[in-house]
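Quick setup: one chain, the form predicted alone, written in structure tokens, and binding and motion questions come after.
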Amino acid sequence: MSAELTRRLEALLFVAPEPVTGAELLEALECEPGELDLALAELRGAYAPGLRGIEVKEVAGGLTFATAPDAEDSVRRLLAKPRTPPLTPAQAETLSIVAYLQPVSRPEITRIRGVSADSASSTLLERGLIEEAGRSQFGAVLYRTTPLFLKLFGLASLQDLPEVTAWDPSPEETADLRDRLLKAGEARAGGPVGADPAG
């Protein structure tokens, strides 16, 4: 039990964004104070100063993992690099369409979204999340996700994508989706703005 509890304690400290109090750990681990003390002693031993690049620290009334003092310079240099900004809603929506329908063309993405996908697609290409995958029968460039997409989303393969059927939209979401699809269909019939008529 002690080894399993220590592993779970390690996982909690790893994922917690801020120091975790003893009371919070007892509640999450569903254990007795004595058991927590033993697990914590074991974890402190495994992460004793000088053994690893991180240590168990008591900060602001809670426990957390912190970098070892001799690693701080390297950590600062790494964190000083510009960070990749998160995806915008338009980029996330476009990436979802590519992930589930690949290979898919930009005009098809535009028809599904109801708005031009040019900017979002270009950004996803630049960031290496999608790539070209040939051409459609009408000559439009097709897109697919890249290995970087799988890595960033923690997927072993595209088969690990959540099932679309698991999404249960609210009545409001269903109505909004219906309106968008109707508008996309009307735009398709009249030639949607920003879409390549080659399809």
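Residue indices: 1-based, along the sequence shown. What you are looking at is a predicted structure, and each value in this text was computed from that prediction instead of being measured.
Omitted from view is the form predicted in complex with a further copy of the same chain, to which the following refers.
a further copy of the same chain in the predicted complex is approached by Ser74, whose closest heavy atom lies within 4.5 angstroms of it. Within 4.5 Å of any heavy atom of a further copy of the same chain in the predicted complex lies no heavy atom of Gly61. Under a 4.5 angstroms non-hydrogen atom cutoff, a further copy of the same chain in the predicted complex has Arg52 among its neighbouring residues.
Taking non-hydrogen atoms only, Glu32 never approaches a further copy of the same chain to within 4.5 angstroms in the predicted complex. If you check a further copy of the same chain in the predicted complex, you find no heavy atom from any of Gly134, Phe138 and Val141 within 4.5 Å. In the predicted complex, the residues of 17-32 lying within 4.5 Å of a further copy of the same chain by at least one heavy atom are, in order, Pro17, Val20, Glu24, Glu27, Ala28, Leu29, Glu30. Inter-residue distance, Ala156 to Phe14 (Cα): reduced by at least 3 Å in the predicted complex versus the depicted form. Panel note: the distance between the CA atoms of Leu152 and Thr64 is smaller in the predicted complex than in this form, the difference being 3 Å or more.
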